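In structure tokens, the next block holds one chain alone, the form predicted on its own.
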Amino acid sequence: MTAMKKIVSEIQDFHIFLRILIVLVTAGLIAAIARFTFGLGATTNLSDVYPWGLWVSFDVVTAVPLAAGAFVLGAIVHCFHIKKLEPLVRPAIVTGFLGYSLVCLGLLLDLGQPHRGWHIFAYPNLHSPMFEVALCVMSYTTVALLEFLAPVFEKFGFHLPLRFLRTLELPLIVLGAAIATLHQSTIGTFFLIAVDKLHNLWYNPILPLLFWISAVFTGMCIIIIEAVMVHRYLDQPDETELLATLARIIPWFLGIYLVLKVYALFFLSERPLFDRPGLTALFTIEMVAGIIIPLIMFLHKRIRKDSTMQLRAAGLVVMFGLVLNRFNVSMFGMIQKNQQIYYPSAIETIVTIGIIAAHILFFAVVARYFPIFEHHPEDVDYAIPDGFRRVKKPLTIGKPS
């Protein structure tokens, strides 16, 4: 009871934003229990027409590229030897590990019989892209866990296993990059089998390549968002100069992606393109707001060197474009003419909000209590810091402290 009282006391001292996140995570957990208790049919709006809904479109198809920063930054730092970006690696690894762990949770929620999920490995279909994605997600989550254990061992002083993990650091990062590359592209391969269902604005034979490239530049944008936010709201060092290096790389990938999208649209499409006004509008918004506008923004030197503009360009624009693209491919572009529209149920929505809140909450807790900002050890306080508690001048979410 003493330990429980201590935990409750600490939670009461948390900033109001973190306590709101705890409430959302609790609500998501209750909704998930209801899903497992009453089944998919009673708690979701999924059907034979829409076997994949919000949980697949967001928690899997969208969340996987949003967690891509770990393998992207690991490859940049250790494979291309851009060592000055190394201070950003650990926070990216934490984000990747949390992201993929929650993707696994989303997959379990969407399985009709989750207790038989292990059958995909016991009875493998080696020709199925779904088998490859399942294998890669489990493998990458394991690799990310091993990478995440390094700051945990540092925190508790486990020197022997820490020394062992450090000998495996480079192989793990290379392995993680290879695995992530496979399944980031294979998620796009899923939709190549929907020849007569996915609208031609998005269906094309290079969809796996487009998925991989979009995951790369989105992963770098997530790193920018993460670094700017922890500086503003968790009192970590300002990394604007390091982020400017990433901001110079991002427009190259955005440009390549734009060229490939235009090429696929006009040279690889054999069916009508602009025959449905609603889908045409969604495609136009995705291209203009999600690709062209951020490309123009990142080409400006002033924006690349300004943390506020980095956050706006990376967060509000690129992430919006990526999320819209994934929903266009996995949901909106699949809707046929005169077909009943799918709307997620309250349970589906609450679970998804809870998963998003859990990601943010767990990252904030890990960032506060573990040495993931390894290049500034003098700034790390392993006790509960003032910025994490209510103080006379409390941390204000939404404004720099």
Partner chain sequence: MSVKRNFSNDRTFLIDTTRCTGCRSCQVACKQWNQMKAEETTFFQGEGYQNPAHLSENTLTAVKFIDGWRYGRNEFAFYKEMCMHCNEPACVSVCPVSAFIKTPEGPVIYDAKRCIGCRFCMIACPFGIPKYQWSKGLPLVVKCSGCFSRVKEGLIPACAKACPTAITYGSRQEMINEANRRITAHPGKYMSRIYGLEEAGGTSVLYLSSVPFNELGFKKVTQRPLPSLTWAALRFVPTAFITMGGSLAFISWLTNRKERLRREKEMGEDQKASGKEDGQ
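Numbering follows the first chain given and starts at 1. Owing to the predicted nature of the structure, the values given are computational and were not obtained by experimental measurement.
This protein has a second form, the form predicted in complex with its partner chain, left out of what is shown; the following refers to that one.
> Each of F17, L29 and P371 having a non-hydrogen atom within 4.5 Å of its partner chain in the predicted bound form: is that the case here?
No, none of the three is in contact.
> Verify the contact flag for T167: yes if a non-hydrogen atom of it lies within 4.5 Å of a non-hydrogen atom of its partner chain in the predicted bound form, no if not.
No.
> So in the predicted bound form, does any heavy atom of S128 sit within 4.5 Å of its partner chain?
Yes, contact at 4.5 Å.
> E241: heavy atom within 4.5 Å of its partner chain in the predicted bound form?
Judged by the heavy-atom cut-off of 4.5 Å, E241 is well away from its partner chain in the predicted bound form.
> Look up in the predicted bound form whether P208 has a non-hydrogen atom within 4.5 angstroms of its partner chain, and give yes or no.
P208: contacts its partner chain in the predicted bound form.
> Just one of 320 to 328, 84 to 92, 254 to 262, 71 to 79 has heavy atoms within 4.5 Å of its partner chain in the predicted bound form; which?
Residues of 71 to 79 come within 4.5 Å of the partner.
> Which one of M297, L175, M229, L279 is close to its partner chain in the predicted bound form, taking close to mean a heavy atom within 4.5 Å?
Looking at M297, L175, M229, L279 one by one, just L175 meets the 4.5 Å heavy-atom criterion.
> To verify the annotation, which of these, I303, I179, I225, L98, has a non-hydrogen atom within 4.5 Å of its partner chain in the predicted bound form?
Selected residue: I179.
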